[in-house]
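Encoded as C-alpha coordinates, the following chain is the form predicted on its own, with no partner shown.
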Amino acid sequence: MAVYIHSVGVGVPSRRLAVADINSAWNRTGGRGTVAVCADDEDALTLAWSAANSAMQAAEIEPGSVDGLWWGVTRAPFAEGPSHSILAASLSLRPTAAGALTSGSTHCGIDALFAAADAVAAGTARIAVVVVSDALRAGLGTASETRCGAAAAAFILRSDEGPAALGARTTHSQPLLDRYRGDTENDTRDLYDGRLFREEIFVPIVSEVAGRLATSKPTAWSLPDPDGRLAAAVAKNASVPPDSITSSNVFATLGDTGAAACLLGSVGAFTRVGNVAVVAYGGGRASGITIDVNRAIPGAETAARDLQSDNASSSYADVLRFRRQLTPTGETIAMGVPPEAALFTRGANEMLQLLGGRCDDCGTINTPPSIHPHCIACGGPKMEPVELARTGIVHTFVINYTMPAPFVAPLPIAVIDLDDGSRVMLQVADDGSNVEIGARMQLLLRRYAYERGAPVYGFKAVPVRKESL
(Lines give C-alpha, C1' and ligand atoms only; values in the text may rest on other atoms or scores of the structure.)
Protein backbone atom coordinates (compact mmCIF):
# COMPACT_ATOMS: atom_id res chain seq x y z
CA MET A 1 0.00 0.00 0.00
CA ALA A 2 1.32 3.44 -0.93
CA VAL A 3 2.00 5.95 1.84
CA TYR A 4 1.58 9.69 1.29
CA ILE A 5 2.75 12.86 3.05
CA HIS A 6 -0.22 15.17 3.57
CA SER A 7 1.50 18.04 5.40
CA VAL A 8 4.72 19.18 7.06
CA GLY A 9 5.61 21.39 9.99
CA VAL A 10 8.75 22.58 11.77
CA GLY A 11 9.74 23.71 15.23
CA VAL A 12 12.61 26.17 15.57
CA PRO A 13 14.13 27.29 18.89
CA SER A 14 13.90 30.94 19.85
CA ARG A 15 17.63 31.66 20.19
CA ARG A 16 20.75 31.86 18.02
CA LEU A 17 24.39 31.65 19.09
CA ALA A 18 27.20 33.10 17.01
CA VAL A 19 29.93 30.57 16.21
CA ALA A 20 32.54 33.31 16.73
CA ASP A 21 31.41 33.68 20.36
CA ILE A 22 32.02 29.98 21.00
CA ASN A 23 35.49 30.16 19.49
CA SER A 24 36.32 33.33 21.39
CA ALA A 25 35.47 31.67 24.70
CA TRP A 26 38.08 29.00 23.96
CA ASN A 27 40.69 31.46 22.67
CA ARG A 28 40.12 30.43 19.08
CA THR A 29 39.78 32.90 16.24
CA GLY A 30 37.26 33.05 13.41
CA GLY A 31 33.99 31.27 12.94
CA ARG A 32 31.11 32.36 10.74
CA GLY A 33 27.38 32.04 11.05
CA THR A 34 25.14 30.97 13.91
CA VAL A 35 23.63 27.82 15.36
CA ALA A 36 20.09 27.46 16.70
CA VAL A 37 19.94 26.93 20.45
CA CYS A 38 17.12 26.38 22.92
CA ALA A 39 16.17 28.94 25.54
CA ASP A 40 16.06 27.75 29.14
CA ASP A 41 12.43 26.61 28.79
CA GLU A 42 12.81 24.85 25.43
CA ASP A 43 14.04 21.36 24.62
CA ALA A 44 13.58 18.51 22.15
CA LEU A 45 10.04 17.85 23.42
CA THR A 46 8.77 21.43 23.14
CA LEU A 47 10.27 21.68 19.64
CA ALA A 48 8.58 18.40 18.68
CA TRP A 49 5.25 19.72 19.98
CA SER A 50 5.59 22.87 17.87
CA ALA A 51 6.42 20.93 14.68
CA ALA A 52 3.70 18.32 15.13
CA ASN A 53 1.09 20.94 16.01
CA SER A 54 1.97 22.93 12.87
CA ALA A 55 1.78 19.82 10.69
CA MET A 56 -1.65 18.85 12.05
CA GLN A 57 -2.96 22.36 11.48
CA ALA A 58 -1.62 22.38 7.91
CA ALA A 59 -3.33 19.04 7.24
CA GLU A 60 -6.54 20.32 8.88
CA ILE A 61 -6.92 17.20 11.01
CA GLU A 62 -8.26 16.95 14.54
CA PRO A 63 -5.96 15.42 17.16
CA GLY A 64 -8.64 12.83 17.95
CA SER A 65 -8.36 11.38 14.44
CA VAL A 66 -4.64 10.57 14.75
CA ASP A 67 -3.96 6.85 15.12
CA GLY A 68 -0.33 7.03 16.19
CA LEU A 69 2.66 9.20 17.03
CA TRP A 70 6.17 8.16 16.00
CA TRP A 71 8.86 10.35 17.55
CA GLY A 72 12.57 10.22 16.78
CA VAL A 73 14.91 12.01 19.21
CA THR A 74 18.52 11.13 19.89
CA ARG A 75 18.17 11.88 23.59
CA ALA A 76 14.66 11.90 25.07
CA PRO A 77 13.94 14.36 27.92
CA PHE A 78 13.45 11.50 30.36
CA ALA A 79 16.32 9.00 30.39
CA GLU A 80 13.69 6.51 31.55
CA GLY A 81 10.17 7.84 31.74
CA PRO A 82 7.07 9.20 29.98
CA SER A 83 8.65 11.22 27.14
CA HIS A 84 6.37 9.80 24.43
CA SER A 85 3.18 9.90 26.50
CA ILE A 86 3.81 13.52 27.57
CA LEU A 87 4.25 14.61 23.95
CA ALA A 88 1.13 12.67 22.88
CA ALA A 89 -0.95 14.19 25.69
CA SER A 90 0.27 17.72 24.96
CA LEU A 91 -0.89 17.26 21.36
CA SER A 92 -4.32 16.14 22.66
CA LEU A 93 -4.03 12.73 21.00
CA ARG A 94 -6.31 9.94 22.15
CA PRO A 95 -4.98 7.78 25.02
CA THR A 96 -5.40 4.81 22.67
CA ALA A 97 -3.15 6.29 19.97
CA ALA A 98 -0.32 3.95 19.00
CA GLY A 99 3.25 4.76 18.00
CA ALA A 100 6.78 4.55 19.32
CA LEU A 101 9.80 6.55 20.42
CA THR A 102 13.10 5.88 18.65
CA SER A 103 16.39 7.13 20.07
CA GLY A 104 20.04 6.30 20.67
CA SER A 105 21.66 8.01 17.67
CA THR A 106 20.92 10.64 15.06
CA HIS A 107 19.71 7.82 12.79
CA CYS A 108 16.56 7.59 14.91
CA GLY A 109 14.81 10.34 12.92
CA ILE A 110 14.56 8.28 9.77
CA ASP A 111 13.82 5.20 11.91
CA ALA A 112 10.67 6.96 13.13
CA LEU A 113 9.67 7.80 9.56
CA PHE A 114 10.14 4.20 8.41
CA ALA A 115 8.22 2.78 11.38
CA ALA A 116 5.26 5.10 10.86
CA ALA A 117 5.21 4.42 7.11
CA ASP A 118 5.18 0.67 7.79
CA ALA A 119 2.23 1.07 10.17
CA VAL A 120 0.25 3.07 7.60
CA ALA A 121 1.13 0.62 4.80
CA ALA A 122 0.08 -2.32 6.98
CA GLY A 123 -3.24 -0.66 7.77
CA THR A 124 -2.69 -0.50 11.53
CA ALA A 125 -2.68 3.31 11.39
CA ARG A 126 -4.78 5.44 9.05
CA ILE A 127 -3.29 8.78 10.10
CA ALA A 128 0.22 8.89 11.57
CA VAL A 129 2.20 11.80 12.96
CA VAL A 130 5.96 11.53 12.46
CA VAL A 131 8.04 14.04 14.38
CA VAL A 132 11.82 14.19 14.67
CA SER A 133 13.59 16.60 16.98
CA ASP A 134 16.93 17.16 18.65
CA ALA A 135 18.72 19.56 20.95
CA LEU A 136 22.03 17.80 21.43
CA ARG A 137 24.46 18.98 24.08
CA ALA A 138 28.01 18.95 22.78
CA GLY A 139 30.93 18.66 25.17
CA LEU A 140 32.45 21.96 26.25
CA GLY A 141 35.24 23.07 23.95
CA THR A 142 34.68 20.29 21.43
CA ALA A 143 34.74 20.92 17.70
CA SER A 144 31.11 19.82 17.37
CA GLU A 145 30.04 22.59 19.76
CA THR A 146 30.31 25.11 16.91
CA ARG A 147 27.97 23.00 14.75
CA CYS A 148 25.50 21.66 17.30
CA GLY A 149 22.01 23.06 16.59
CA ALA A 150 18.41 22.30 17.56
CA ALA A 151 15.10 22.03 15.69
CA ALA A 152 12.22 19.68 14.80
CA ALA A 153 10.25 18.58 11.75
CA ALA A 154 6.96 16.71 11.42
CA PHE A 155 5.11 14.84 8.66
CA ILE A 156 1.50 13.72 8.54
CA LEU A 157 1.33 10.32 6.79
CA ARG A 158 -1.81 8.73 5.35
CA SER A 159 -2.70 5.90 2.99
CA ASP A 160 -5.16 7.99 0.97
CA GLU A 161 -3.59 9.88 -1.91
CA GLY A 162 -1.79 13.08 -1.03
CA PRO A 163 0.62 15.61 -2.55
CA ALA A 164 3.75 13.47 -2.03
CA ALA A 165 4.38 9.73 -1.92
CA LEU A 166 7.12 7.87 -0.07
CA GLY A 167 9.26 5.89 -2.50
CA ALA A 168 12.15 3.46 -2.39
CA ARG A 169 14.30 3.19 0.72
CA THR A 170 17.72 1.74 1.40
CA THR A 171 20.16 1.33 4.29
CA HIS A 172 23.77 0.44 5.08
CA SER A 173 25.42 -0.17 8.45
CA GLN A 174 28.82 -0.99 9.91
CA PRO A 175 29.69 -1.59 13.59
CA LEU A 176 31.78 1.55 13.98
CA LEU A 177 32.06 3.95 16.92
CA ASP A 178 32.13 7.68 16.26
CA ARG A 179 30.43 10.33 18.39
CA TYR A 180 28.78 8.88 21.46
CA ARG A 181 27.71 9.59 25.04
CA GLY A 182 28.60 7.30 27.92
CA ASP A 183 25.85 6.03 30.24
CA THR A 184 26.88 8.41 33.02
CA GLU A 185 27.65 11.38 30.76
CA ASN A 186 25.45 14.31 29.81
CA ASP A 187 27.55 15.64 26.93
CA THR A 188 28.17 14.06 23.53
CA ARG A 189 31.84 13.27 23.02
CA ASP A 190 33.80 14.65 20.10
CA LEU A 191 35.36 12.51 17.37
CA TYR A 192 38.53 10.69 18.34
CA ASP A 193 40.01 11.06 14.84
CA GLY A 194 38.23 13.43 12.48
CA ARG A 195 40.10 12.31 9.38
CA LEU A 196 39.45 8.64 10.09
CA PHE A 197 35.74 9.41 10.58
CA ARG A 198 35.60 11.29 7.30
CA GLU A 199 37.55 8.88 5.08
CA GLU A 200 36.65 5.46 6.45
CA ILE A 201 33.32 5.86 8.20
CA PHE A 202 31.02 8.71 7.17
CA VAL A 203 31.82 9.35 3.52
CA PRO A 204 31.93 5.66 2.40
CA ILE A 205 28.71 4.69 4.23
CA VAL A 206 26.67 7.75 3.26
CA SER A 207 27.99 7.70 -0.32
CA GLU A 208 26.90 4.08 -0.66
CA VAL A 209 23.32 4.97 0.28
CA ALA A 210 23.30 8.16 -1.81
CA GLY A 211 24.56 6.24 -4.81
CA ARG A 212 21.65 3.81 -4.62
CA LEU A 213 19.13 6.66 -4.40
CA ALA A 214 20.77 8.45 -7.32
CA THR A 215 19.35 5.85 -9.72
CA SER A 216 15.92 7.47 -9.29
CA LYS A 217 17.42 10.79 -10.53
CA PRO A 218 16.36 13.05 -7.64
CA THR A 219 15.90 16.74 -8.32
CA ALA A 220 16.68 17.68 -4.71
CA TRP A 221 18.75 16.17 -1.90
CA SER A 222 18.86 16.28 1.88
CA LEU A 223 22.30 15.06 3.00
CA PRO A 224 23.76 14.83 6.53
CA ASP A 225 26.54 17.34 7.18
CA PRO A 226 27.89 17.21 10.75
CA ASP A 227 30.82 19.57 10.20
CA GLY A 228 29.76 21.72 7.26
CA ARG A 229 32.05 19.97 4.76
CA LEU A 230 31.07 16.31 4.74
CA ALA A 231 27.95 16.75 2.58
CA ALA A 232 30.10 18.19 -0.20
CA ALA A 233 32.42 15.18 -0.02
CA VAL A 234 29.47 12.79 -0.27
CA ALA A 235 27.99 14.76 -3.16
CA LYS A 236 31.25 14.48 -5.08
CA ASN A 237 31.47 10.73 -4.46
CA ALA A 238 27.86 10.08 -5.46
CA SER A 239 27.79 12.56 -8.38
CA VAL A 240 25.16 14.71 -6.69
CA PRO A 241 24.91 18.23 -8.17
CA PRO A 242 25.84 20.71 -5.40
CA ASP A 243 23.01 23.08 -6.31
CA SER A 244 20.44 20.31 -5.69
CA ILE A 245 21.33 19.95 -1.98
CA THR A 246 18.45 21.77 -0.27
CA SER A 247 19.74 20.85 3.19
CA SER A 248 22.71 23.22 2.83
CA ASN A 249 20.65 26.30 3.69
CA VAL A 250 19.24 24.62 6.80
CA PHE A 251 22.67 23.62 8.07
CA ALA A 252 23.99 27.13 7.41
CA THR A 253 21.17 28.71 9.40
CA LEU A 254 20.56 26.24 12.23
CA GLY A 255 23.67 24.07 12.40
CA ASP A 256 23.57 20.28 12.68
CA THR A 257 20.13 19.43 14.09
CA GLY A 258 20.94 15.77 14.73
CA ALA A 259 18.02 13.39 14.23
CA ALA A 260 15.90 16.21 12.77
CA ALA A 261 18.42 17.10 10.05
CA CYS A 262 17.22 14.54 7.50
CA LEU A 263 13.62 15.76 7.37
CA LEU A 264 14.42 19.44 7.92
CA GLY A 265 16.81 19.39 4.99
CA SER A 266 14.07 18.20 2.65
CA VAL A 267 11.44 20.82 3.57
CA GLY A 268 12.75 23.40 1.11
CA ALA A 269 12.04 21.03 -1.79
CA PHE A 270 8.41 20.40 -0.83
CA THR A 271 7.07 23.61 -2.37
CA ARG A 272 7.51 22.32 -5.91
CA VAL A 273 7.14 19.18 -8.03
CA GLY A 274 10.12 16.83 -8.06
CA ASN A 275 11.84 13.77 -6.65
CA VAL A 276 13.51 14.35 -3.28
CA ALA A 277 16.20 12.08 -1.84
CA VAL A 278 16.57 12.08 1.96
CA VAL A 279 19.62 10.54 3.67
CA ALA A 280 20.24 10.19 7.41
CA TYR A 281 23.33 9.06 9.32
CA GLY A 282 24.08 8.11 12.90
CA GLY A 283 25.85 5.46 14.93
CA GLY A 284 27.46 3.74 11.97
CA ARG A 285 24.16 3.55 10.04
CA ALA A 286 23.02 5.43 6.96
CA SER A 287 19.56 5.15 5.43
CA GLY A 288 17.76 6.92 2.64
CA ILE A 289 14.37 7.27 1.01
CA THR A 290 12.96 9.02 -2.03
CA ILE A 291 9.86 11.19 -1.92
CA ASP A 292 7.87 11.92 -5.07
CA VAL A 293 6.32 15.38 -4.78
CA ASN A 294 3.39 15.82 -7.18
CA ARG A 295 2.32 19.23 -5.88
CA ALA A 296 3.25 21.58 -3.06
CA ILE A 297 2.82 19.96 0.35
CA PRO A 298 0.62 21.94 2.76
CA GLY A 299 2.71 23.67 5.40
CA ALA A 300 5.90 23.59 3.32
CA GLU A 301 5.99 27.30 2.50
CA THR A 302 5.36 28.29 6.12
CA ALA A 303 7.97 25.79 7.30
CA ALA A 304 10.59 27.09 4.87
CA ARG A 305 9.93 30.63 6.06
CA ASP A 306 10.17 29.62 9.74
CA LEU A 307 13.51 27.92 9.14
CA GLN A 308 14.99 31.16 7.84
CA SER A 309 13.45 33.48 10.45
CA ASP A 310 15.66 35.76 12.53
CA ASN A 311 15.58 34.93 16.23
CA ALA A 312 17.05 36.57 19.31
CA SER A 313 20.77 36.15 19.85
CA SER A 314 22.22 34.78 23.08
CA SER A 315 25.65 34.93 24.63
CA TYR A 316 27.76 31.83 25.08
CA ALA A 317 27.37 32.10 28.86
CA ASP A 318 23.57 32.26 28.54
CA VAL A 319 23.52 29.15 26.35
CA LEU A 320 25.64 27.21 28.83
CA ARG A 321 23.17 28.17 31.53
CA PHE A 322 20.23 27.16 29.34
CA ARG A 323 21.86 23.77 28.76
CA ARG A 324 22.65 23.39 32.47
CA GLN A 325 26.36 23.18 31.76
CA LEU A 326 26.79 26.30 33.89
CA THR A 327 24.88 26.12 37.17
CA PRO A 328 24.81 28.33 40.29
CA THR A 329 26.23 27.10 43.54
CA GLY A 330 24.41 27.28 46.85
CA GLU A 331 20.97 26.25 48.00
CA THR A 332 18.05 25.78 45.60
CA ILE A 333 14.36 25.85 46.34
CA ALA A 334 12.59 22.59 45.57
CA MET A 335 8.98 22.53 44.44
CA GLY A 336 6.46 21.68 47.12
CA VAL A 337 5.61 18.32 45.55
CA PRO A 338 7.60 15.96 43.31
CA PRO A 339 6.53 15.45 39.67
CA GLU A 340 5.21 11.95 40.42
CA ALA A 341 2.99 13.14 43.31
CA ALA A 342 -0.83 13.17 43.30
CA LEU A 343 -1.07 16.84 42.25
CA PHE A 344 0.81 16.22 39.00
CA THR A 345 -0.74 12.81 38.42
CA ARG A 346 -4.31 14.07 38.66
CA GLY A 347 -3.61 17.33 36.87
CA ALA A 348 -1.38 16.00 34.06
CA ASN A 349 -3.93 16.37 31.25
CA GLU A 350 -5.06 19.73 32.61
CA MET A 351 -1.49 21.06 32.34
CA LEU A 352 -0.41 19.38 29.11
CA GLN A 353 -3.64 19.86 27.15
CA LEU A 354 -4.47 23.27 28.66
CA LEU A 355 -7.95 22.32 29.86
CA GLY A 356 -10.63 24.38 31.52
CA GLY A 357 -13.99 23.45 32.98
CA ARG A 358 -17.14 24.77 31.27
CA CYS A 359 -20.07 25.10 33.68
CA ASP A 360 -23.11 23.07 32.58
CA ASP A 361 -25.46 25.70 34.04
CA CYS A 362 -24.09 29.05 32.84
CA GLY A 363 -21.33 28.22 30.33
CA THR A 364 -18.54 30.02 32.22
CA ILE A 365 -15.11 28.49 31.64
CA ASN A 366 -13.27 27.97 34.92
CA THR A 367 -9.46 27.83 35.05
CA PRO A 368 -7.77 25.86 36.37
CA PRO A 369 -10.63 23.40 36.90
CA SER A 370 -8.82 21.40 39.60
CA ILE A 371 -8.77 24.49 41.83
CA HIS A 372 -12.38 25.48 41.06
CA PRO A 373 -14.63 22.46 41.66
CA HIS A 374 -17.59 24.85 41.62
CA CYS A 375 -18.28 27.52 38.99
CA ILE A 376 -16.84 30.91 39.92
CA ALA A 377 -19.84 32.63 38.25
CA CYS A 378 -22.90 30.72 39.46
CA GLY A 379 -21.58 28.13 41.90
CA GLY A 380 -22.75 25.24 39.75
CA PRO A 381 -21.15 21.87 40.63
CA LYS A 382 -21.08 20.31 37.15
CA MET A 383 -18.39 21.17 34.62
CA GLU A 384 -17.28 19.69 31.31
CA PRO A 385 -13.56 19.61 30.41
CA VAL A 386 -12.80 21.78 27.35
CA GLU A 387 -9.59 22.80 25.62
CA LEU A 388 -8.83 26.47 26.10
CA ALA A 389 -8.10 28.86 23.27
CA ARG A 390 -4.41 29.24 22.48
CA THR A 391 -4.44 33.00 21.86
CA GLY A 392 -5.58 36.02 23.85
CA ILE A 393 -4.88 39.53 25.17
CA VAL A 394 -2.83 40.55 28.21
CA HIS A 395 -5.18 41.84 30.92
CA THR A 396 -2.40 42.64 33.39
CA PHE A 397 1.07 41.39 34.29
CA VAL A 398 3.84 41.54 36.87
CA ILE A 399 7.59 40.97 36.61
CA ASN A 400 9.38 39.32 39.53
CA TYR A 401 12.94 40.61 39.83
CA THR A 402 13.99 38.46 42.77
CA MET A 403 13.64 34.69 42.48
CA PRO A 404 15.34 31.85 44.37
CA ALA A 405 17.35 29.28 42.38
CA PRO A 406 16.63 27.35 40.25
CA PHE A 407 14.23 30.05 38.99
CA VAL A 408 15.87 32.88 37.08
CA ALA A 409 14.82 36.52 37.43
CA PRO A 410 13.30 38.49 35.86
CA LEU A 411 10.29 36.16 35.76
CA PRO A 412 7.12 37.66 34.21
CA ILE A 413 3.62 36.38 34.96
CA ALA A 414 0.56 37.60 33.02
CA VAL A 415 -3.20 37.38 33.35
CA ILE A 416 -4.53 36.73 29.85
CA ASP A 417 -8.07 37.01 28.51
CA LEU A 418 -8.29 34.18 25.98
CA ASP A 419 -10.33 34.36 22.79
CA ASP A 420 -12.89 31.87 24.14
CA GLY A 421 -13.78 34.17 27.06
CA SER A 422 -11.76 32.36 29.71
CA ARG A 423 -9.01 33.94 31.78
CA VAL A 424 -5.70 32.31 32.74
CA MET A 425 -2.62 33.30 34.69
CA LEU A 426 0.59 31.98 33.15
CA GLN A 427 4.30 32.59 33.10
CA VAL A 428 5.55 34.56 30.11
CA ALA A 429 8.52 33.22 28.19
CA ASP A 430 11.64 35.43 28.16
CA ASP A 431 12.30 38.36 30.49
CA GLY A 432 9.04 40.27 30.06
CA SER A 433 10.52 43.23 28.18
CA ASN A 434 8.14 42.52 25.28
CA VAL A 435 4.95 42.34 27.38
CA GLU A 436 2.40 45.12 27.76
CA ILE A 437 -1.28 45.39 28.62
CA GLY A 438 -3.34 44.72 25.51
CA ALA A 439 -0.56 42.77 23.77
CA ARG A 440 -1.68 39.74 21.82
CA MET A 441 -0.20 36.46 23.08
CA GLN A 442 -0.14 32.84 22.03
CA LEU A 443 0.19 29.89 24.41
CA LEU A 444 2.96 27.41 23.65
CA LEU A 445 4.22 24.31 25.39
CA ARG A 446 7.44 25.01 27.29
CA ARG A 447 9.52 23.41 30.01
CA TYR A 448 8.92 25.02 33.39
CA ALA A 449 11.61 23.43 35.53
CA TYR A 450 13.70 20.42 36.40
CA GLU A 451 12.49 18.90 39.63
CA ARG A 452 14.26 15.97 41.26
CA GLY A 453 15.96 15.27 37.92
CA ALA A 454 12.72 15.27 35.87
CA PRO A 455 11.53 17.99 33.47
CA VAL A 456 8.13 19.55 34.17
CA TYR A 457 6.11 20.91 31.22
CA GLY A 458 3.23 23.34 30.86
CA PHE A 459 2.07 26.26 28.74
CA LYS A 460 3.62 29.71 28.70
CA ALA A 461 2.56 32.91 26.98
CA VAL A 462 4.62 34.18 24.04
CA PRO A 463 3.96 37.43 22.13
CA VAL A 464 2.42 36.81 18.72
CA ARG A 465 4.81 37.75 15.92
CA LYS A 466 3.69 40.72 13.86
CA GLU A 467 3.89 38.70 10.65
CA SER A 468 1.39 36.23 12.16
CA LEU A 469 -1.25 38.89 12.79
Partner chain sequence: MSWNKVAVVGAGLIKMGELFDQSYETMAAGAFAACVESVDKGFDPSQVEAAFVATQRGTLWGQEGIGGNTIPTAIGLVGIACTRIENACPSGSDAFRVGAMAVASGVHDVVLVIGVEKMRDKSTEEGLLSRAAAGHPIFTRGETAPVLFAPFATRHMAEFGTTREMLASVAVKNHFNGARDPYAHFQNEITIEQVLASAPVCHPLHLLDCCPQTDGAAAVLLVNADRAHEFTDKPVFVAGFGLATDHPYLHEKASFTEIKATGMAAERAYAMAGISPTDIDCAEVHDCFTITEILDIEDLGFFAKGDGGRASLEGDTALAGRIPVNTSGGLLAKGHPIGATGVAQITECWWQLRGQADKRQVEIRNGYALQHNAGGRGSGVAVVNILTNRR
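Quick caveat, the model's predicted, so the values are computed rather than measured. Residue numbers count along the first chain shown, from 1.
Although not depicted, the form predicted in complex with its partner chain is the subject of the following passage.
- Stretch-level contact analysis of 409-417, 35-43, 48-56, 62-70 against its partner chain in the model of the complex, using heavy atoms and a 4.5 Å limit, identifies 409-417.
- The three residues 347, 400 and 456 all sit with a heavy atom within 4.5 Å of its partner chain in the model of the complex.
- Between its partner chain and the residues 242, 82, 368, 363, the one pair within 4.5 Å by heavy atoms in the model of the complex involves 368.
- With the partner removed from view, the residue among 429, 439, 443, 424 that has a non-hydrogen atom within 4.5 Å of its partner chain in the model of the complex turns out to be 424.
- When contacts are judged by a 4.5 Å heavy atom cut-off, residue 404 counts as touching its partner chain in the model of the complex.
- In the model of the complex, no heavy atom of residue 325 sits within 4.5 Å of its partner chain.
- By the criterion of a heavy atom within 4.5 Å, residue 333 is counted among the residues contacting its partner chain in the model of the complex.
- Looking at residue 395, you'd find a heavy atom of it within 4.5 angstroms of its partner chain in the model of the complex.
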